[in-house]
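One chain comes next, on its own, written as structure tokens: the form predicted on its own.
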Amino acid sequence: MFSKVETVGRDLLWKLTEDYKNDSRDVKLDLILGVYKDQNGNTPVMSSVKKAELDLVNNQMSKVYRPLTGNSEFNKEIKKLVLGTNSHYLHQSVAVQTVGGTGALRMLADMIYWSRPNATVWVSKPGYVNHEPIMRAAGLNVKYYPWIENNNQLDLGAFTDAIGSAKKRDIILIQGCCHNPTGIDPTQYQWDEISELFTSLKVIPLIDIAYQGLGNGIDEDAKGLRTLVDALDVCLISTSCSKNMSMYCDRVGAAIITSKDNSQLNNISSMMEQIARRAYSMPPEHGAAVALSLMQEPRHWLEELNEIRNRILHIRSLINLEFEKKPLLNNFMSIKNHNGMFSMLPISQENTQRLKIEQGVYCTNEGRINISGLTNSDVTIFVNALENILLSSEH
């Protein structure tokens, strides 16, 4: 049956992680996977999550099946988190609990294919490594737009020039905040410009907001998304509780679709139910119930999220201070302006390999680093390693 199945290459991120674990050096840095790490290098369970889990264990009366759309109360609360507590789009949208943010992306990709099999989805380059494979797996065409810096902010001109060739009803997959892998987010002025561009082109945004709360705050990080929702007739949204609640392996996410035409909502909901039914029937309840508890009583959770965000900002500041001391690294200093866990080092793939082999600093081949992978004491090691590589490259 499987005699003609070809060998598939291993996932590069997990291969890098394995290489790191097998590295016997005493001094080595793991800046690979996109998970938050505390000052001790651990990815802890939030105490607010632990409390909610204990309450759930003590009070849960049944594990009977949920609807195909998942936990309905979770769906209501996640819409408030993303769209805003008082948004009138709460009544002009459909939310479906999914198996993580990745599951949300795939559900929305399937929705696009069902609606328009020949649709084209535009993804950022560089961008999240799984965006393109998910869209192609759903049978969609993929094109690219650049996501790069100019004068320490998003190069809006390069973005606009590329998107200008998009056709009516093309899908533009754009990250709502804390761009993975670059950390480059639009300013509010740029979000306004982007919404005007999308409106004039009559394209449809698919907004991936997997890192809401890790940049500037829960509501602050959603401003760009809400600008697009206000401007466009239809918006597709994928969101995740993996990062801002540190519930990575519980796989809690949601697919949200907003529509100014309320007559479409029932059909949208039915289609999403059918996609879920054919893929996994219904998503798991445990993580959604925990996330619901956090969203209903958010004080403790938001305090912990604030601590996470402040630690990431602190590490960025420390890196920048070290860069200031080294003239060779002065052009790296825009890293302080980035948002979220990631930034991309402006170095060649050859030098990322040399960082790994010669210095024991592990990042992706493209140069993405997880800022939270550094402790305070690691910052100097990291910056010195980077300088050593660049110095030797000059000779």
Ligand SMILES: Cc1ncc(COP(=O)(O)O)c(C=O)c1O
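Please read all numbers here as calculations on a predicted model, not as lab measurements. Residue numbers here begin at 1 and follow the sequence given.
Just so it is clear, the following notes concern the form predicted in complex with the named molecule, a form of the same protein that is not shown.
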> Looking at 187-195, 161-169, 307-315, 98-106, which one sits within 4.5 Å of the named molecule in the predicted bound form if you count heavy atoms only?
Replying inline: 98-106
>> I need to confirm a contact call. Of H131, R226, K143, H286, which residue comes within 4.5 Å of the named molecule in the predicted bound form, counting heavy atoms only?
In response: H131
> Just one of T182, Q212, T258, S242 has a heavy atom within 4.5 Å of the named molecule in the predicted bound form. Which one?
Replying inline: S242
> Heavy atom to heavy atom, is D208 within 4.5 Å of the named molecule in the predicted bound form?
Replying inline: yes
> Can Q175 be called a contact residue for the named molecule in the predicted bound form at 4.5 Å between heavy atoms?
Replying inline: yes
> Though the partner is not shown here, which residues of 249-282 have a heavy atom within 4.5 Å of the named molecule in the predicted bound form?
Replying inline: R251
